[in-house]
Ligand SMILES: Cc1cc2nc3c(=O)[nH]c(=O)nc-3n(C[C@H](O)[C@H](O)[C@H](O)COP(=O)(O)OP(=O)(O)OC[C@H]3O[C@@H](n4cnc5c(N)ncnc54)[C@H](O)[C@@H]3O)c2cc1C
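This document starts with one chain, in the form predicted on its own, laid out as structure tokens.
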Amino acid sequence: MVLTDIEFHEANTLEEASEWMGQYAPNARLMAGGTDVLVDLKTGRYSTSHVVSLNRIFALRGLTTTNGSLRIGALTTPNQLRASTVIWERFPAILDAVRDMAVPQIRNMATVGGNVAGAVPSGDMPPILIVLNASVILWSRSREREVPLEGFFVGPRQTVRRDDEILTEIRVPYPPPRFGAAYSRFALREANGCAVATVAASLRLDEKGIIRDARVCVGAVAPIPKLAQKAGAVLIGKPAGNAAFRQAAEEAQEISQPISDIRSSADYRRELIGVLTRRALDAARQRALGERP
């Protein structure tokens, strides 16, 4: 496909964007930073007749705090997250995900909303946001709704977002005391390579170091980022240590549905999930104890 076959619409407001998406659906695509959409169009991964750009809607940029949660505007870039004092002080696990995401030039253009809404199985942001209990705000001319991120994905590059809806922000609740989270990733190259396997984990400990809440999410080894419910369940009520982490790693491996491709075999991906789960849980434990992993 040549991009001259596409009609480009640059929205100044959410109302304009929603109207165009509703008018031209299903032959329309939303574009934020364009780092995924334009590549997919040029390579023929999918075709469309209309592209609706959100870049002029400045209300979708930046970070704010309100009602005990962090609001990440959909057009916020990974490098803007890295530059945020709030992220460094309260959400260091998000830094784990953006630090190894692509190359600096891409991190200046890509958007958090695009990384989430694109629903690419190897996306870096969804797993860590899921274990942080994040939700997404979907806006349309008729209503606004909030969807827990763990229920947002339905398949590879497929979500519950309707054609006329726009993902405007991600909301992340502020963590409670003695809470820690971490993200662990393996790729064939340090920077620009897609993830072969990823694991995000979070823990909340009591005063004695016993796990009171836990979440583990695996990525790049299933059609969608998967919350490993049993991995979290086996941790509850146990001391935060290697024995419990090994059990959780086994459960995380069980829920994985890896495939074999040019980057890795399915068996290797499954082994990686075990290693990455233990690594992410140990880093989460250290952060919950106020230590630096």
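Remember, predicted model here, so these are calculated numbers, not experimental data. Just count from 1 along the sequence shown to find any residue number.
The form predicted together with this ligand is left out here; the points below concern that form.
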| item | value |
| --- | --- |
| Residue among Ile106, Ile210, Ala222, Val86 with a heavy atom within 4.5 Å of this ligand in the predicted bound form | Ile106 |
| This ligand: the contacting residue among Val196, Ala134, Leu81, Met101 in the predicted bound form [heavy atom, 4.5 Å] | Met101 |
| All of Ala93, Pro175 and Gly180 within 4.5 Å of this ligand in the predicted bound form, heavy atom check | no |
| 4.5 Å heavy atom contact, Gly232 and this ligand in the predicted bound form | no |
| Residue contact check: Glu251 to this ligand in the predicted bound form, 4.5 Å heavy atom | no |
| Contact of Val39 with this ligand in the predicted bound form (heavy atom, 4.5 Å) | yes |
| Distance check, Gly34 to this ligand in the predicted bound form, heavy atom within 4.5 Å | yes |
| In the predicted bound form, segment of 143-151, 212-220, 166-174, 199-207 with a heavy atom within 4.5 Å of this ligand | 166-174 |
| Sequence-ordered list of residues in 111-147 near this ligand in the predicted bound form, where near means a heavy atom within 4.5 Å | Thr111, Gly113, Gly114, Asn115, Ala117, Gly118, Ser122, Gly123, Asp124 |
